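Just one chain follows, in the form predicted on its own, and it is written as structure tokens.
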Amino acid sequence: MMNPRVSLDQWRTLQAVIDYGGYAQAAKQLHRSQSSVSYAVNKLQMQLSLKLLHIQGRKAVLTEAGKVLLQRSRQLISEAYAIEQQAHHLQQGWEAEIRLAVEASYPTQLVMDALRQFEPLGKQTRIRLEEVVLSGAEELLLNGDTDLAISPFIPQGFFGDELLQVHFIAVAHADHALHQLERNLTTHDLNRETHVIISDSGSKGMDAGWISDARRWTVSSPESAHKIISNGLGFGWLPEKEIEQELDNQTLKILPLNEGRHETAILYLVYADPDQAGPATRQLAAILKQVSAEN
């Protein structure tokens, strides 16, 4: 294995000379003598047999080669720091990976908001995100295949905190045949049209809400159901939060049902094992609770 001739400290010294505008300024920032800074940079150039700096007036300026190598050295220092941070996290029990199962009806924007807040705190922690439907999260929890889950069900033997209520609303495209009837709809009316439902990702094959006896299209996600219904190919219950804009501009319209027009699902945040959850998992859980409460 080849050993590098140049140390990280030498690259860091070169960076300081450029970033702070000269040898004297770098020495002040690094709490070293100016002569030691000059020696480190000169030795670096000698070891590489390459001129990295030249003096313009009183300022040290990079050569073209220096520009290329300085950029690479910044990546090198950043990676070295990342390794140390990961070691620190591991020493404190900070997990290398979090497996997160999220019920598909949980608003996508809230997931993104939570991950955006978590990312600078847990840069060395990988996130394995799995979207699930209905009993899918419950099954992953029972099988030990997730660390944290957002689920409409709390499996027996687990504890969960209420995270969010998701409101579903029965809709179809404004030009759909059901809206052309211009009256309150009956079950018979619905059974004559295509009902778009979202399938359970778990092995239980659970159904939720009213299910058509006749024409039924089954999809794997709310996003797919949304696309089909928005294109006028069927009707169904969609998360109200996700279709607010289309309801406002009346691309989608609420079905005039006597009852069952609205449905509500409670989503829970469930640890696979709260006693064994590490600091990264707990941090992510706290952020999910925060963004949900602000919603």
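Because the structure is predicted, anything quoted here is derived from the model rather than measured. Heads up, when I say rigid core I mean the largest set of C-alphas that superpose within 1.5 Å between the two forms. The first residue of the shown sequence is 1; numbering continues from there.
Quick note: we don't show the form predicted in complex with the DNA, though the next part is all about it.
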| note | Per contact check vs the DNA in the predicted complex (non-hydrogen atom within 4.5 angstroms), the hit among 234-242, 66-74, 27-35, 263-271 is 27-35
| 4.5 angstroms heavy atom contact with the DNA in the predicted complex for K59 | yes
| request: Would you check, heavy atoms only and a 4.5 Å threshold, whether K43 touches the DNA in the predicted complex? | output: yes
| said: When the contact criterion is heavy atoms within 4.5 Å, does W11 count as touching the DNA in the predicted complex? | reply: no
| request: Return yes or no for L30: a CA shift of at least 2 Å between this form and the one not shown, with the rigid core superposed? | output: yes
| query | Against the rigid core, is the Cα displacement of Q245 between this form and the one not shown at least 2 Å? | reply | no
| said: Taking 2 Å as the cut-off, check whether the CA of I287 shifts that much or more between this form and the one not shown after a rigid core fit. | reply: no
